[in-house]
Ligand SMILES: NC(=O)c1ccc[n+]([C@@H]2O[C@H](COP(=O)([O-])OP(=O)(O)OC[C@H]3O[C@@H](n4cnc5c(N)ncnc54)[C@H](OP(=O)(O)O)[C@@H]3O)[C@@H](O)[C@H]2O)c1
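A single chain comes next, written as structure tokens; it is the form predicted alone.
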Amino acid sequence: MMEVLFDRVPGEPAGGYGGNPRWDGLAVNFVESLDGVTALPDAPGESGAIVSGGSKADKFVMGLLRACADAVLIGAGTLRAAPNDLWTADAINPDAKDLYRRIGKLQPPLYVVSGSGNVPQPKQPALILTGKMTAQQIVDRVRADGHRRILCEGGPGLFSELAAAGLVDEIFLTLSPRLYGRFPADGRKALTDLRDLRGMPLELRSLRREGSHLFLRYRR
């Protein structure tokens, strides 16, 4: 059970989370270090597991959010970094699949955004959204298939596009007790990338702790 330090989200709780993980609209989920690093260019695969330090609680929350989602949305860069990954609830945390099954979907449909269409074939079935699409067009395309609760898992570029367009409703952020440092042109990415978000205000909705990891949830 995660320690609940603060929670203002009404609704039915989920086992182990101590509250209601569901959201309305579009949510994003990231893990970042204390100095704001979310992506490492030299990571042997998807950066999240490295930045989190292999946190089991972070994997639990990732699976929980996927199970709550009608669809998962990622950018082409995220897929290229981990072409053999599965963006499903049971893949990230098989030990909790019975809980995830009771909550929602073990394998929500995956959508991949690629301007060029030059992406590796995902290991799981996925719809590749190609061409010059605006953030609104991307979300509209996913919702046209009947998916209302969308979970975006990055990367920072896609998140920034969605946030700048005012389309992000909630942010789930794992704060990992690690420091990486930054230097010019190091290729390491922060939570947002190449967009001026003008100090967008956020409201803290919940705060949880597992060991030295903090799990924050914000609403735009």
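Sequential numbering from 1, following the sequence displayed. Since this is a predicted model, take the numbers as computed values, not measurements.
One more form of this protein should be noted, the form predicted together with the named molecule, which is absent from this view; the next part is about it.
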Legend entry - Stretch in contact, per heavy atom within 4.5 angstroms of the named molecule in the predicted complex, of 163-171, 64-72, 39-47, 177-185: 39-47
Legend entry - residue 110: touches the named molecule in the predicted complex, heavy atom cutoff 4.5 angstroms: no
Legend entry - Close approach of residue 53 to the named molecule in the predicted complex, 4.5 Å, heavy atom: no
Legend entry - Non-hydrogen atom contact residue 103 with the named molecule in the predicted complex at 4.5 angstroms: no
Legend entry - Interface membership of residue 80, the named molecule in the predicted complex, 4.5 Å heavy atom rule: yes
Inset, instruction - May I ask you to choose, among 133, 127, 91, 99, the residue with a heavy atom within 4.5 Å of the named molecule in the predicted complex? - result: 133
Inset, instruction - Could you list which residues of 188-211 come within 4.5 Å of the named molecule in the predicted complex, counting heavy atoms only? - result: 189
